[in-house]
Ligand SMILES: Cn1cncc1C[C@H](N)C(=O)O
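So this first bit is one chain, no partners, the form predicted on its own, shown in structure tokens.
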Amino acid sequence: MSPKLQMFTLKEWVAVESDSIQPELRQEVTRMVELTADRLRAMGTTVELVKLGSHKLPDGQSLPLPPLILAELGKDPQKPTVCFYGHVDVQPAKKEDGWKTDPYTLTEIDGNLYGRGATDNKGPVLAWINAVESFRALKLDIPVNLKFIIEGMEEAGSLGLEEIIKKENQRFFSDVDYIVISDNLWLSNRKPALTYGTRGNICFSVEVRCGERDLHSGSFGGIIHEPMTDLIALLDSLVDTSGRILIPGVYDDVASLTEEEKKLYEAIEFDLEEYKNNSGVKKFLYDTKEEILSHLWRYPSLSIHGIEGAFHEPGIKTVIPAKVIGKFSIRQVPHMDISIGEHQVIKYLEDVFSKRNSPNKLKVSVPISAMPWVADINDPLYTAARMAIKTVFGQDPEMIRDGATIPIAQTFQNITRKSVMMLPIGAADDAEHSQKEKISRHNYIQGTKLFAALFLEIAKLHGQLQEASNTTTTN
């Protein structure tokens, strides 16, 4: 498949406004899933569109979920079976949000392909499909059996996905040997990476309510306990100026840094200035490579995301909100227990609130949570990926974790008990979720080659393992 045709198809996919967050765009998400299914069928893949039912919106409206794709190509019992996970829904995007280009028109500037979904996750999904098609175009035998699980609700929490994985564990996943996810980024702009861990996430909602309606600050300011004042005090109590979480017990189950892990961090070629430039931030909380990476990957962090109910339009509105809701999250690391973390946070906030002697009502809830994930870097799947990266990029990959949360990795590992790997093809400056989301032409094409090389390396290594196993059995 020529680079020109690859770009054309990515342009078609990016043009679909498959925003799974906005209810009014749900039909576009479904259309995107169906387009993907058509593309898979066109290369001879058997495709099943699994209905996921519907879900209720906050206003009580019931909205159908887009179907889930389960697809397979090849059933040779002598070949290993590789399953690829991806998603074709995207985060919301509008030109007026600050995009220099139309977010739904793939636009090439200086070798970069800008558009919503270019790197998260339409580009990598297409690169995998292109890799499969390259074997067929060259009339070469595909060295592995392939399966696909592609969804349209990842950005909205992968509604219904876990139940399907459980249901299909003894059928669709029964003959799968390896699962590959390509839904994250490298650590740098130039050096490829393999990801072996992610942080989890617990999202909290903190509601403080005073009365039933907003009040005029001229009539009531100074004589009531204002909900916003209570909420800001609560949020301010969560973390100190050095970024350390102040909730008692949060760090109790965090594993100590081992010498092996420390050496792994030391070996990584991490450009601190490049990372700052990618973020647009002038100064970080820490100054060394090791400190930055450990606090991104293996220590928990707390981030405050917003306040619902507060006036946020231009100008001034002298109102006292009757109810405000603060939103924050804690990125968890392996060994931290979600249920214990929830209890620690809720108790702490209730204690802080009680000391304010406020008559307002406090309600703390956990709308969503996800487990952290870590894999064995010595697993055969990682060995095959290292060889494929060396073949395509001419260098060894960085072995990295991801500070973000990608729940599907832990879900696959827990339910299927298969080898799971995250293999990113996007660079650190791809700006997923932002107004500058892109994938470079170079990474998109080389990523396609990488996936093709991975098929070959998995087949080779799987054959060696089978031969070694047969020899051991004979002896």
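Since the model is a prediction, treat every value here as computed from it, not as a measurement. Between two forms, the rigid core is the largest collection of C-alphas that superpose within 1.5 Å. From 1 onward, residues are counted along the sequence shown.
Although it is not shown, the form predicted in complex with the named molecule is what the next lines describe.
Blocked or open, judged by overlaying the named molecule from its pose in the predicted complex and testing 2.4 Å from backbone or C-beta atoms: Pocket open on this form.
Sole residue of 154, 226, 133, 72 within 4.5 Å of the named molecule in the predicted complex, by heavy atom: Residue within 4.5 Å of the partner: 154.
Candidate from 81, 201, 188, 360 lying within 4.5 Å of the named molecule in the predicted complex - any heavy atom: None of the others qualify; the residue that does is 201.
The named molecule contact at residue 433 in the predicted complex, heavy atom, 4.5 Å: Answer yes; at least one heavy atom of residue 433 falls within 4.5 Å of the named molecule in the predicted complex.
Partner contact for residue 298 in the predicted complex: the named molecule, 4.5 angstroms, heavy atom: Residue 298 lies outside the contact set for the named molecule.
Heavy atom of residue 407 within 4.5 Å of the named molecule in the predicted complex: Result yes; residue 407 sits at the interface with the named molecule in the predicted complex.
Touches the named molecule in the predicted complex: residue 392 (any heavy atom, 4.5 Å): Residue 392 lies outside the contact set for the named molecule.
Contact segment among 155 to 163, 311 to 319, 231 to 239, 106 to 114, judged by heavy atoms lying within 4.5 Å of the named molecule in the predicted complex: Going by heavy atoms within 4.5 Å, the stretch is 155 to 163.
Within 326 to 344, the residues that have a heavy atom no more than 4.5 Å from the named molecule in the predicted complex: Counting only heavy atoms within 4.5 Å of the named molecule in the predicted complex, the single contacting residue of 326 to 344 is 331.
Large Cα shift (2 Å or above) at residue 328 between the shown form and the other one, core-fitted: Moves: yes, 2 Å or greater.
Displaced residue check between the shown form and the other one: residue 164, CA, 2 Å or over, core reference: No, residue 164 moves less than 2 Å.
Per-residue C-alpha change between the shown form and the other one, residue 203, threshold 2 Å, rigid core fit: Yes, the C-alpha moves 2 Å or more.
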